[in-house]
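The data below hold one chain only, encoded as structure tokens and taken in the form predicted on its own.
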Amino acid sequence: MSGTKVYIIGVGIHNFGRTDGVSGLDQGVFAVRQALADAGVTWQDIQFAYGGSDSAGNPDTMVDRLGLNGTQFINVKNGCATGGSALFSAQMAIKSGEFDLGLAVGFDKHPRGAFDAKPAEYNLPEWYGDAGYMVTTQFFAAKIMRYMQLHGISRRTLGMVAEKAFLNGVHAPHAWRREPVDLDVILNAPMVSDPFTKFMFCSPGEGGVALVLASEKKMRELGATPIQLAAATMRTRPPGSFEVFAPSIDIGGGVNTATRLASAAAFDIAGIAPADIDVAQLQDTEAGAEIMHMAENGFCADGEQEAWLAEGRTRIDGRLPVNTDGGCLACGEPIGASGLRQVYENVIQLRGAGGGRQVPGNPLTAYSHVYGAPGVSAVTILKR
């Protein structure tokens, strides 16, 4: 779809992790105020907002804190892809030519423990929950075991994904886990669901992220640094795909997925190929997700991840740095904020402000991918 170009001109973030005494809404408001200041605009300048939260209240209620000025504010809830879906919606509002300045925000504050999904919420029978597959740790473990068998991925490679995440998180001020963890410790830690140890899963957490979006006209008027949102797509699952909470898989199925559809559409809109991407943030709810999503997003073939990790190609100084702030493994996953954190990190990288985690070589393109149940993917591509 052609239309007005869209730019990200302001970013804000509330640290991820656990923040006692501060509500999810408080964290979202913090991020919004930071993003407005970064863009050099006020809340009164914002023409519209899309906000996402899974369990911390309706984002539109933050107008009580930001200002009661009648700005239209639409709530978004779309699983782990909530943040990406809010951003997709916001960019469409500007791309259509209807608005010049808007906001995408996401926040959450989850209790400790695994997410407590209910079968009925996903159109599944009660037996599915009774069998334990609504517990995402068990589902993801079953899915990666199948993938490892099909494509020759070792458990050590899963450990290397986690090791990289914690190394990168050391240099990300907003990350929850900011200490490196030795590979042997990761591999020999208590098992949660085979083949995953406790260090190979992310944790539900807290945090908030906000992005200020502008048309090209408004971006130039404000004199902002031009980080273009070259593509933003989201897709649901196609027939035969093997997605979160799938009760079965077709024989020969699993080839096409929501992620493959969203990724292909994003590259087509941006007019570039996977080889043109300089830095990428991929959904890593657990270490296996990053492995599978490397292939689903077109960066390598199934099975090539074993060599990629062994050769360090996804490290900060590698061929394609992946999850430069530690991803979900180091930052945790507050559902409403997680996808927007990826885009925040990419803006920081394209600005050259990543500090100890900065990708070398003056990156010009950045990719983000967020994935949620029951098979929803959102992809963004940024250009400088």
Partner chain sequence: MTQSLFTTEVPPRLIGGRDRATGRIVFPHPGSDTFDAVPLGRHGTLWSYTVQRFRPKTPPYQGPADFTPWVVAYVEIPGEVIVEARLVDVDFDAITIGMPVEFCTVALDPSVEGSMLLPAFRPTAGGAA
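Worth saying up front: this structure is predicted, and the values here are computed from it rather than measured. Numbering follows the first chain given and starts at 1.
As for the form predicted in complex with its partner chain, it is not shown, yet the points below apply to it.
- This chain is drawn without its partner chain; in the predicted complex, the residue among E121, D194, D184, E221 with a heavy atom within 4.5 Å of it is D194.
- Though its partner chain is absent from this view, in the predicted complex it lies within 4.5 Å of a heavy atom of just one residue from A246, A231, M234, M292, which is A246.
- Each of R112, D130 and D250 is positioned with at least one heavy atom within 4.5 Å of its partner chain in the predicted complex.
- In summary, the region of this chain contacting its partner chain in the predicted complex, judged by heavy atoms within 4.5 Å and restricted to 139-147, 303-311, 86-94, 264-272, corresponds to 139-147.
- Within 4.5 Å of some heavy atom of its partner chain in the predicted complex lies at least one heavy atom of D116.
- Taking the partner from the other structure, its partner chain in the predicted complex has no heavy atom within 4.5 Å of any heavy atom of V170.
- At least one heavy atom of P125 is located within 4.5 Å of its partner chain in the predicted complex.
- Its partner chain in the predicted complex is not approached by F73, whose heavy atoms all lie more than 4.5 angstroms from it.
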